[in-house]
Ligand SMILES: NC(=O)c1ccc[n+]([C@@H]2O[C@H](COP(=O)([O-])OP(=O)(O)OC[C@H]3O[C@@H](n4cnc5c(N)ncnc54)[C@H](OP(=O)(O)O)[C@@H]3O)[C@@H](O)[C@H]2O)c1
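One chain is shown next in C-alpha cells, namely the form predicted on its own.
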C-alpha cells in the first residue's frame, strides 16, 4: 500500500515508517528539513517536502496516496496547546477530504490521557474522550469523529508513554527537573500511574491498524497499564545518583511548577482489547528496563 506518513521524522513516525517499509509497504514521508529528508531516504521512503500546517501541500500529497498515517503534532512545552490542537483539527479535516475515495484509511493519533473511564478503572478503547473545551488535544478525536460521520474510513490510535533507551516523552521533563532541583520527587505515596509501550511495539500497531483496523475504531497502544511515579522516580534516582523524596502537595508546587498537574494525575490505561482484536503481541522492553539502560549524560 502507498502510505503517506506525517511526522515521519519524529520518534513514533520514523519507527512507523521503518516498520511499514520492512513489511512491504511504500511510504511517502513528510519532512521540513534536509536532515529529515536524508533520514527518510536512508530508510527507503520517498520524501515529500513541506510543513504539516501547509494545507494545500497536504492535499497534494495525500491525494496521491492510498492511506494516511498522521503522527505529527507539536509537543513543544512552550507551544500554545489550544492553538496547536485547533491546527491539528484542520490538518485532519484536510487529510480526510484529500484521500482518493471513502475507503482509503486515515489513522490519526491521540492519547490515552484524553479518555475518561466509565468505571473508575484503567481507560479502555470504548471510553470516550473529554471534550476539547476541557482538554484541547481532544480536538484531534473530534475531527476524526466528524470524518467518520461523513463516511470516512478513519481510525484512532491513542498513545501512552512511548519509550526506548533514547526517548521517554514527558519523563525527560522529570529528568531535567531532577537535575535542576538536586533530587527526584513524586507526590504523596507516588502510586499514581503512567501507561507505557515500547516504540517498536507502537510502530507495529500502526501497521496492524492500517492492514486490519475497523472503520471508526479506537485502539490503545498500551503494553503496561500503569507504571507508578514512585517506581519511575526510584529508577531515576539510582541512575542519576540523586536522592528520591516524597513531596506534599504544597511542596510539589514549588518543585514541579508547570508540570504539577501531570505529576498529580493517575492515568492508567488498558490495551487488552486492542491486543485481542488485532493479534498484537508486544515484545519490546518495559519502561523501567529502558530507563535503567538510558545514557543520562
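Numbering follows the first chain given and starts at 1. Keep in mind the model is a prediction, meaning the values are calculated, not measured.
The form predicted together with the ligand is left out here; the points below concern that form.
Candidate from 110, 153, 225, 85 lying within 4.5 Å of the ligand in the predicted complex - any heavy atom:
Result of the distance check: 110.
Going by heavy atom distances of 4.5 angstroms or less, which of 45, 30, 69, 269 would be at the interface with the ligand in the predicted complex?
The residue in contact is 30.
Using the partner position in the predicted complex, report whether residue 50 sits within 4.5 Å of the ligand, counting heavy atoms only.
Contact check for residue 50: yes, within 4.5 Å of the ligand in the predicted complex.
Is there a heavy atom of residue 9 no more than 4.5 Å from a heavy atom of the ligand in the predicted complex?
Because a heavy atom of residue 9 falls inside 4.5 Å of the ligand in the predicted complex, the answer is yes.
Is residue 137 a contact residue for the ligand in the predicted complex, using a 4.5 Å heavy atom cut-off?
Residue-level check for residue 137: yes, a contact with the ligand.
Answer with yes or no whether residue 75 is in contact with the ligand in the predicted complex, where contact means some heavy atom within 4.5 Å.
It does: once the ligand is placed as it appears in the predicted complex, residue 75 has a heavy atom within 4.5 Å of it.
Just to confirm the contact call: exactly one of 207-215, 174-182, 128-136, 155-163 touches the ligand in the predicted complex at a 4.5 Å heavy atom cutoff, so which is it?
After filtering at 4.5 Å, what remains is 155-163.
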